[in-house]
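Take a look at this single chain, the form predicted on its own, given in structure tokens.
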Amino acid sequence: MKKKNIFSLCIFLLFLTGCGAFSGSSNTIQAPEVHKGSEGLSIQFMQNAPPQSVYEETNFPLLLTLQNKGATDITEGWFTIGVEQSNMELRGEAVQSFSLLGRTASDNYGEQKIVELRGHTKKLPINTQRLESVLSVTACYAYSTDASADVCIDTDLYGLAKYEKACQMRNIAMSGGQGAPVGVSKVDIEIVPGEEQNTVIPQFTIYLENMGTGQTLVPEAVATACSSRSIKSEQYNIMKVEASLFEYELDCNPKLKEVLNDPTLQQGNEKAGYKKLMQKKGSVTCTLQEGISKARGTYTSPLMVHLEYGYADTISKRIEIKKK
């Protein structure tokens, strides 16, 4: 939450000073350096650990590099090592928790840790000279994305105003990601009539995209699903969306119960929206229900979007086991 508040303050200061928020007339948002890119956790096997080939009934090294290349701290993370138990076994804990600090203005790389374990190959069947076996690592962790853009709000629905307008209302395209594997790719803006004659209602369609190699997971299930390795298939590809127009919180739809039929999970923030991504893409609609007075005229305001989700990614390696 502290990082979210700091990010929001930085964006607000950019809004006040007008320093580099837009890239000329292209209307494409350029995020601060920390909030660029589409990476979160990076998992890699170290070179020759595990080796490409190993003899039967032999110990071998297993070294993992975990690095948080995104802008969000990982405080709830677990990795699980899977082996084909008929061919090898793991010497050490197969499920372990981890935490890693994210990138900051003073650290553009993010925290990195090396995990050291050992594996052991079993005896090959008679008349088998060699075979291949797969070793995999799945990481599952809670993550978030913050995106922001200055948007033009035009309360003159029918173009009847005689004053010179301060800005022109148009849709916003975002580029380069926001320092996380999931991000906002575009925002469409629409102003509709309010319930009262002198008000209008800003409505934003926020487009989401999973730009990483893994899958999102409904955030309310991260702790139990990731640590117990019992992720339900219907909990995948879901994410939570919160948005605000300056200090006004927007009501986002659809809600959790509309995308996931699971009575064990309860929606916290009533105004948050949830979306099940299809082919790694989706959108939510966020509305300022109380409306804005037409007397406000035309003005710019910061739109802030906060995404929460679990993220699960897997790497694997084939190891050749040879007869002694």
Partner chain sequence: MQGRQPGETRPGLNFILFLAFLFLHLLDMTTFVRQGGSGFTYGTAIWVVLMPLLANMLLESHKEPGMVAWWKDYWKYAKWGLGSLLIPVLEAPVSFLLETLGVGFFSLEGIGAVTATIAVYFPLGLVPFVFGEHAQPFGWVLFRPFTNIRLLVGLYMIIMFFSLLFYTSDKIDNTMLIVNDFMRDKFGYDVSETTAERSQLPLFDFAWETAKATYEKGKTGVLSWVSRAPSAVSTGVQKLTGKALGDAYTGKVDEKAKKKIGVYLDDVKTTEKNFFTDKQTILYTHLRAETLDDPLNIRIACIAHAKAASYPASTIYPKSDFDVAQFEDESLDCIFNPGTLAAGAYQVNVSAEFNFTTLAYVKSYFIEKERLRAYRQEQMDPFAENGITEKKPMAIYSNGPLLVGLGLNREQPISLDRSLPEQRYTFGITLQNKWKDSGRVKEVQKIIIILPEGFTLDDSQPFNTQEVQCDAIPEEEGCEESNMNIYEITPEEGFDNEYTYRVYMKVNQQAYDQVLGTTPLVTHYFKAMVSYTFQLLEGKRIELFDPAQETTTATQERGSPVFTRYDANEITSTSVSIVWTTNMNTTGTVEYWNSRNPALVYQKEDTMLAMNHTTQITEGLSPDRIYLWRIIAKNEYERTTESGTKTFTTLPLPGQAPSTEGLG
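Here the rigid core means the biggest group of C-alpha atoms that line up within 1.5 Å when the two forms are laid on top of each other. Everything numeric in this text was worked out from a predicted model, so none of it was measured. Positions refer to the first chain, counted from 1.
One more form of this protein exists, namely the form predicted in complex with the partner chain; it is left out here, but the text below deals with it.
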In the predicted bound form, the residue from K165, K232, K186, R118 with a non-hydrogen atom within 4.5 Å of the partner chain is K232
Only hit among I153, M174, A225, A142 for heavy atom within 4.5 Å of the partner chain in the predicted bound form is A225
(Q) Can you tell me whether K294 touches the partner chain? I mean in the predicted bound form, with a 4.5 angstroms heavy atom cut-off. (A) no
* is_contact(V200, the partner chain) in the predicted bound form, heavy atom dist at most 4.5 Å -> no
Is I191 near the partner chain? Define near as a heavy atom within 4.5 Å, in the predicted bound form.
no
Item to check | is_contact(Q279, the partner chain) in the predicted bound form, heavy atom dist at most 4.5 Å | outcome: yes
TL;DR on 145-153, 165-173, 106-114, 75-83: the one with heavy atoms within 4.5 Å of the partner chain in the predicted bound form is 75-83
Residues in 37-51 that come within 4.5 Å of the partner chain in the predicted bound form by at least one heavy atom, in order, are none
Notebook entry, point to check: After fitting the rigid core, is the C-alpha of Y299 off by 2 Å or more between this form and the one not shown?
Noted result: no
**Prompt:** Is E290 one of the residues whose Cα moves 2 Å or more between this form and the one not shown, with the core superposed?
**Reply:** no
key: Core-superposed comparison between this form and the one not shown, E270 Cα displacement 2 Å or beyond   = no
